[in-house]
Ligand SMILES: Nc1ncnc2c1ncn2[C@@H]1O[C@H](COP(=O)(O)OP(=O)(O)OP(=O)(O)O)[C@@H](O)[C@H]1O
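There is one chain below, alone, in structure tokens, taken in the form predicted on its own.
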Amino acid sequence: MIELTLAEVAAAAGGELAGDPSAVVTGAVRTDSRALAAGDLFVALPGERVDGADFLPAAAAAGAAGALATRPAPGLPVVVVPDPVEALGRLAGAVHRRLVDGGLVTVGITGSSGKTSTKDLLGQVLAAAGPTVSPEGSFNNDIGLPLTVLSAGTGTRSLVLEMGARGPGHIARLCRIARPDIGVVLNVGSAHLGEFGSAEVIAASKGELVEALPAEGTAVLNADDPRVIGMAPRTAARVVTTGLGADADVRAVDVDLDDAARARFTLVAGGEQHPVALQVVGAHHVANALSAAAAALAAGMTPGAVAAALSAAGPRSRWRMEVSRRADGVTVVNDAYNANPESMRAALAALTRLPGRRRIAVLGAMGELGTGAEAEHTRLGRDVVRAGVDLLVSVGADAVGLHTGALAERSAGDGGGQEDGALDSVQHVPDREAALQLLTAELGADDVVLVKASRSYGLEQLAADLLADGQAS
């Protein structure tokens, strides 16, 4: 963060300063009192179980320069505000405007799936051209996005922001904090369908990003998604399209996967063609890479430099097609950060391309799908069988539809027959512990296991347990 006095913080955040106005924030802005260092600014967020303001004494003991909080505290300058989250956004907005005056280029990325992976690719590509802020993980809400903005400094050339939404108006609010110069819309899918109500409302909400762009900005739209390309009339900015079709401005041709299910293709952009060899697993990353390429080109990079940087970019954020091999030869693919129907099918497609003796899908439920959740799970269960997965293990009561759909599809395909003595290819278990017990007994050398579910089901721990079990064996 740029250095600010507490008086400047108070003015930007719209609060009243209780304490020394000349105290200077020289460090980072943090919401965790345990991570504070001298010179940091502590944002004391209210929570369901604890109030961050209770940790103001700890912030003072850590040497924090000050805090944003709902009440003052002895021994620590505090900018007192009624709502620390709103104040954090105000502060980030003020800092962002100062950085923009210094030449900062800001990219906003949204979509139903692939936001973090695209952000990770683009951050690494832009870093090849200059100092870039693009943190690991998903900092895409009213807290995470301002913290990302505030981690930028006067030397930052590019800022990559992931923008999530759980309802109309959310992305517009994030754009008011940090107005992007370049806006990337990846896709419109089923994520959070239960909260939005329909795909049309999701599309309207994702399109708030392109509506916020300045006329001199650039909207990067996925031409392979009709709802995304349909956003073009909603922006005053220049529109750049991406996709596999011949009409896309930035496109991929000659797409293929190597033996590790990593995509290879030729990037076609700006009248040039350059080879790209991605280091991330899954064909679905081609679309993410094209969006990252288009954004980087809009930021001033050349097609050749973009292709080279894409080929060097690796996975960064955890639990997204994270491939690990155990000492006994079992490969575990931890893709359990989140799940929706589109990302589930993309992960299954990647699983079936990975080399191995058997391909095993361990799937939990997909959350926030609304009234269509049961049908979506049943449909996905059928798709698991169609994909050629050797064993499906569905985990938890909310995932029983996967089991039902897979059984129905398998019965339709082979009459429900099963080799004598073989483990049934469609299994349902009540919880993570039961899944671990089943897999521990069943896994053998060269098996490949995909673990995926919505984040709230915690299956990333199952993947970790499987890896630990392999090390112990």
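Worth saying up front: this structure is predicted, and the values here are computed from it rather than measured. Numbers follow the displayed sequence, beginning with 1.
Another form, the form predicted together with this ligand, is not on view; read the next lines as being about it.
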Which is the contacting stretch out of 243-251, 264-272, 372-380, 315-323, given heavy atoms within 4.5 Å of this ligand in the model of the complex? 315-323
How about residue 114 - does it come within 4.5 Å of this ligand in the model of the complex, if we only consider non-hydrogen atoms? yes
If you check in the model of the complex, is residue 394 within 4.5 Å of this ligand, heavy atoms only? no
How about residue 359: is it within 4.5 Å of this ligand in the model of the complex, going by heavy atoms? no
With the partner left out of view, is residue 305 within 4.5 angstroms of this ligand in the model of the complex by any non-hydrogen atom? no
Each of 31, 33 and 40 having a non-hydrogen atom within 4.5 Å of this ligand in the model of the complex: is that the case here? no
The single option of 187, 106, 205, 218 touching this ligand in the model of the complex, heavy atom within 4.5 Å: 187
Answer with one of 239, 346, 223, 385: the residue that has a non-hydrogen atom within 4.5 Å of this ligand in the model of the complex. 346
For the heavy atom contacts within 4.5 Å of this ligand in the model of the complex, list the residues of 323-342 involved, in sequence order. 335, 337, 338, 342
